[in-house]
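The chain that follows stands alone, in the form predicted on its own, written as structure tokens.
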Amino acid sequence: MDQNVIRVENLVKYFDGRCVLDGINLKVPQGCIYGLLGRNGAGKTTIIRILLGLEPPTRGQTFLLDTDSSDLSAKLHSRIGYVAEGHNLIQNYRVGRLIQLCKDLSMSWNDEFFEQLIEKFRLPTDRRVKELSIGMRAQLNLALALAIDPELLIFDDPTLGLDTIARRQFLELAIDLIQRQGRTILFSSHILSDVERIADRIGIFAAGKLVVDCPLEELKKRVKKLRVIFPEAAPSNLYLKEIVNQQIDDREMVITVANWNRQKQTVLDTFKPSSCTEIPMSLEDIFIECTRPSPELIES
């Protein structure tokens, strides 16, 4: 099998004449936790639905586990766990009945692991799904997805509605899963601190483009935010490529630069600044900078 569990090739998607995904190319290797980020409407859920064969592309192809998304069999679906935003389950079923239904439909079911999850989450099997809290429905949805012992897990904002403790349990479980040989996770979330805690590679969508695609630690090294003080008024143009954001106030300039390297440092040094201080950035800070209009591509 190709070591890339997920492949996206030249993917284009239009909705009502509007381009949502514009020529996306993406690969997720086996064993990777890939954090998929973007503002509302950026196309995160759309690309997940296309990957799962739930939505056709306008152009291009997507592949899961070496299979075209338009041709996913029931057997292949049994190797994929999916938790969608909203946790839509059969509301009138009692939890026990829903579990039995999922078990009967599954081609593989890990009873021992599932019972551990039910106990860990303290889920009541005698109550109807609609009587559960949002957090408990999310935990049930997660447990059902994990019960098939999947090779690939796709999470679309899975911690939405969970309190801090439940979110922490989810993250700990995700980390435990990835430590099992060969597991791969595609993880979309609005809670960037969660993504930062577990992801080892990051993709960021902006204006229909994939503007970031690189390991998390590499991203933190390559996107620099600098406070630069000049002896006199700051120059209006540093002649640096890939400036994501720039603010000038008299002698002070604050710049965010993509793909920072020694060559760019040398160019900056030619302006003989009085001081140059790096401003620490979290993943959330980087995300905000990279989703401004016309961001530069960051990949490796």
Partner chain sequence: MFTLIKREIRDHIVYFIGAAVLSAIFIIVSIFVINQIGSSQRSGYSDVDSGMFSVGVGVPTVAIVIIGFCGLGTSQMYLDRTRKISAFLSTLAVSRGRILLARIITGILVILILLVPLTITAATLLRLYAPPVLIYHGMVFEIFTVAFLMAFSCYCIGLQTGWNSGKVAPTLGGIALACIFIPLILIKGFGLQIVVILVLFIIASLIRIRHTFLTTSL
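Residue numbers count along the first chain shown, from 1. Just so it is clear, the model here is predicted, and its values are computed rather than measured. We call the rigid core whatever largest set of C-alpha positions still superposes within 1.5 Å between the two forms.
One more form of this protein exists, namely the form predicted together with its partner chain; it is left out here, but the text below deals with it.
Student: With the partner removed from view, which of 183 to 191, 103 to 111, 221 to 229, 160 to 168 is the stretch that lies within 4.5 Å of its partner chain in the model of the complex, judged by heavy atom distances?
Tutor: In the other structure, the partner sits against 103 to 111.
Student: Please check if Phe121 has a heavy atom lying within 4.5 Å of any heavy atom of its partner chain in the model of the complex.
Tutor: Residue-level check for Phe121: no, no contact with its partner chain.
Student: Report whether the minimum heavy atom distance between Leu98 and its partner chain in the model of the complex is within 4.5 Å.
Tutor: The answer is yes: Leu98 has a heavy atom within 4.5 Å of its partner chain.
Student: Contact between Gly41 and its partner chain in the model of the complex at 4.5 Å, heavy atoms?
Tutor: Outside the cut-off, so no.
Student: With the partner left out here, check for me: in the model of the complex, does some heavy atom of Lys209 sit within 4.5 Å of its partner chain?
Tutor: Lys209: no, not in contact with its partner chain in the model of the complex.
Student: Which of these residues, Ile243, Leu65, Leu54, Ile248, gets a heavy atom within 4.5 Å of its partner chain in the model of the complex?
Tutor: Residue within 4.5 Å of the partner: Leu54.
Student: Check for me whether its partner chain, as it appears in the model of the complex, comes within 4.5 angstroms of all of Arg197, Phe205 and Leu216 - heavy atoms only.
Tutor: Spot residues vs its partner chain: no contact at all.
Student: Though the partner is not shown here, which residues of 59 to 84 have a heavy atom within 4.5 Å of its partner chain in the model of the complex?
Tutor: The stretch 59 to 84, when checked against its partner chain in the model of the complex, contributes Ala74, His77, Ser78, Ile80, Tyr82 at the 4.5 Å heavy-atom cut-off.
Student: Comparing between the shown form and the other one on the rigid core, is the C-alpha shift at Arg128 2 Å or larger?
Tutor: After core superposition, the displacement of the Arg128 C-alpha between the shown form and the other one reaches the 2 Å mark, so yes.
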